[in-house]
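Take a look at this one chain, the form predicted on its own, written out in structure tokens.
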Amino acid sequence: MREFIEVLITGITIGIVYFLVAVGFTLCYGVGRVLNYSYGSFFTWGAYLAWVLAVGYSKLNYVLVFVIVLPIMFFLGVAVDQVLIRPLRKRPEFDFSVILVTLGLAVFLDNLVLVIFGARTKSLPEFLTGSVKLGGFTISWQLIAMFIFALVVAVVLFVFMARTRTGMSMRAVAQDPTGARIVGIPLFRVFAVTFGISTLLCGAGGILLAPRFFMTPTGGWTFLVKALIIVIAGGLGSLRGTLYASFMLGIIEAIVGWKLGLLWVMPFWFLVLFLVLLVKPAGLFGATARKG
């Protein structure tokens, strides 16, 4: 029983990190109507930039790594939106064009990683080593650090969306872009900020999860698929659905990895997605998202 509780704690921690990764994808679609297929490449770049600063060259403290990498990821997202996505919004076939462009961007970014860093796998060391015993349970400091950081970022995101002018503008655009434009909300600025925040969250997820997985130039595709499964299971555009789906699938991943091995994680994720869509074709909160 004690081992199961420890696995459950691991699943909850993984779940909240997956929420950060998936909520960025959700914001991209919910606000900007962009299915960003280069999302996994941003995950990869966040992890590799952290490796450069923490291991490869500078040997910086992880606090400085986050302080440096996250703004870089934000401005990279803004630049991609302004240079590649914004011109497409003037075209009638925007939905299809943006899929092709982001797929092309993913291939470019992955090959750029391959050229710069090579094909050999890399890994990030844990932020904190050792473990602590709480109530008879052994929890690593790494998991505690991951959970606290991810929780703080998630809370800041929700406060930002609920209380700031930019966050409320993003919610207004997600609900009714035409109405938002009529009342004077600058749509293109909101789209750029949304893409930047999305990329920042993806990069943060890459840094947090890199110590658990080997880093490869194409490793981001796995996390793109995971983000897709989470947002589809939760309901496209629904933050609440993304939160619940992230925790559910994170716990399932921890339990399946514990009992059957990591090889079985993705088959079980797809099985859960199939069962959710069988019961609720729009996802857990898809209908609510459309009404809101």
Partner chain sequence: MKRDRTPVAALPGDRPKALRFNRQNGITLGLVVILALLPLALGDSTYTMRLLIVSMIWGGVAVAWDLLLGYAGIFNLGQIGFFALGAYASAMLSQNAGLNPWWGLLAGAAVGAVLAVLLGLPSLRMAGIYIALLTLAFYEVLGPLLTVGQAVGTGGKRGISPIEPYSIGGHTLSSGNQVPWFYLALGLFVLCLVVCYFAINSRFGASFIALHDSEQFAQSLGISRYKVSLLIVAISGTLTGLMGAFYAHYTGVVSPRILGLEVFIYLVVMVLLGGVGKFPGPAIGAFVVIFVSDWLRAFENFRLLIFGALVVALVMLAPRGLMGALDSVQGFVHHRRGRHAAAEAPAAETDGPKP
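Fair warning: this is a prediction, and the values are worked out from it, not measured in the lab. Residue numbers count along the first chain shown, from 1.
Omitted from view is the form predicted together with the partner chain, to which the following refers.
40, 32, 46, 235 - the one with a heavy atom within 4.5 Å of the partner chain in the model of the complex = That would be 235.
Position in contact with the partner chain when the complex is considered in the model of the complex, options 214, 75, 188, 96, heavy atoms within 4.5 Å | Looking at the other structure, the residue within range turns out to be 96.
Please state whether all three residues 28, 71 and 145 have a non-hydrogen atom within 4.5 angstroms of the partner chain in the model of the complex.
-> The answer is no; none of 28, 71 and 145 reaches the partner chain.
Looking at the partner-bound form in the model of the complex, is residue 277 within 4.5 Å of the partner chain by any heavy atom?
-> Although the partner chain is absent here, residue 277 would touch it in the model of the complex, with heavy atoms inside 4.5 Å.
Residue contact check: residue 91 to the partner chain in the model of the complex, 4.5 Å heavy atom | Yes, residue 91 sits close enough to the partner chain in the model of the complex that at least one of its heavy atoms falls within 4.5 Å.
Check whether residue 125 has any heavy atom within 4.5 Å of a heavy atom of the partner chain in the model of the complex, and answer yes or no.
-> Judged by the heavy-atom cut-off of 4.5 Å, residue 125 is well away from the partner chain in the model of the complex.
Might residue 221 be said to contact the partner chain in the model of the complex, defining contact as any heavy atom within 4.5 Å?
-> Residue 221: yes, in contact with the partner chain in the model of the complex.
242 to 250, 222 to 230, 60 to 68, 46 to 54: which one contacts the partner chain in the model of the complex at 4.5 Å, heavy atom to heavy atom?
-> Looking at the other structure, the answer is 222 to 230.
Residues of 75 to 105 having any heavy atom within 4.5 Å of the partner chain in the model of the complex, listed in sequence order = Sequence-ordered list: 83, 84, 87, 88, 91, 93, 95, 96, 97, 99, 100, 101, 103, 104, 105.
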